[in-house]
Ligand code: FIX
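The chain below stands alone, shown as structure tokens; this is the form predicted alone.
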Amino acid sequence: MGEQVKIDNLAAVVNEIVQDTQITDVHTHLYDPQFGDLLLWGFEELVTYHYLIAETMRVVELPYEKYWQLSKTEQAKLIWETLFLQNSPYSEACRGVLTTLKRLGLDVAARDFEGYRKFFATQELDEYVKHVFDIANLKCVVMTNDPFDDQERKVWLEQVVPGKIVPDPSFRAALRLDILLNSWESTWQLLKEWGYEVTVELDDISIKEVQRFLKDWIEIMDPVYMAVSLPYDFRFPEASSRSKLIEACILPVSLETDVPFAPMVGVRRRINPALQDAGDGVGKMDIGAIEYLCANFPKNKFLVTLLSRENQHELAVLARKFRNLMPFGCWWFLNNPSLIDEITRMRFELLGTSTILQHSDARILDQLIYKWDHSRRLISETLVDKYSDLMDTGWVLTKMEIRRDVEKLMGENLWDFLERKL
């Protein structure tokens, strides 16, 4: 059976295995460094993350428009002075900055804004990326890749396809379809400009052409999945272009190409437009839409994450009923320790090991360090509790079995679900 684990050293064994296991980060907003300035990194980007902007604007008497007129350095200095010097920085977003600095070997107690800036300014990007991956102990990350973003589209078509850029296997693509699905009434004109014979009415020819568009970009990107961020009031089926595109285009292409569909649902966009990207909110969805997809398209595979805390129990129960559904991570506003702990425990209790516990959702490279540092601790603590409950029954555990479970939860479940090799 292998080396048995005793209750008195269970915590040490679990923590060691969780820390040592390399992770597949199933959802980020990062880029291969060869994509240039699309990859955000460094101290000023870390400090001006939109969570910290929203937190700062709660307590400073500064008009929103004045903030956006500041330079990046001025914005970072304002946030640093407001949240880190004038208040104790114990919010998760603030603590994340400090965890990152500490793990990089910097003196957090010095509160040295200029010193931190200078440290990052001396880093060579390619080597720094490797360093961050080593600290976070990552095997690979899945990007978010939008063919409708002019800057990114240009890289794919002019550099990746001609072979000027060889994609780094540490950065896997995900084909993002927000603009296609949520803005068809204007997006169809873009596709027409690009040589696809589509009309706004989505007739039979348009359906085939949208399918061709999807297959073209799947060939270009080799994505792990096709993703879309959807509003909290998403319904399926319904009489809308989005619903028709999903049923007639996304799902058939997903099935044909073995590229799962990943709806990410629960966003309320720009509830405070003055905050720009920091102004989005959250809403509870009717999970019947996910149930309908799983039940009526049983050969399709669905990777799903929902933004509302109130939807998490429903999603876990639904996953018990449909093996073509894989819940993943604690998305966006749920990526906070108290909620990660609650959701992780609930998923363990309902789904056992058949889930993907977490993703970083990192928009800035350096965030990988703190997101996974904090998540590993929570995962380890929860596993210790669950294994303790198991051992109380008289069940015997081995190190090999614990390692097997952890490897599934931190990456293998994704690749097994996709039926792909890493």
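The structure presented is a predicted model; accordingly, all values stated were derived computationally and were not measured. Sequential numbering from 1, following the sequence displayed.
Keep in mind the form predicted in complex with D-fructuronic acid is missing from the figure; the text below concerns it.
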Heavy atom contact within 4.5 Å of D-fructuronic acid in the predicted complex, the stretch among 31-39, 49-57, 390-398, 66-74: 49-57
Could you spot which one of Lys154, Arg95, Arg111, Arg269 gets a heavy atom to within 4.5 Å of D-fructuronic acid in the predicted complex? Arg269
Since exactly one of Tyr116, Trp80, Phe234, Trp331 fits, which has a heavy atom within 4.5 Å of D-fructuronic acid in the predicted complex? Trp331
Using the partner position in the predicted complex, report whether Ser229 sits within 4.5 Å of D-fructuronic acid, counting heavy atoms only. yes
Against D-fructuronic acid in the predicted complex, would Met264 count as a contact residue? Criterion: heavy atoms within 4.5 Å. yes
D-fructuronic acid contact at Arg363 in the predicted complex, heavy atom, 4.5 Å: yes
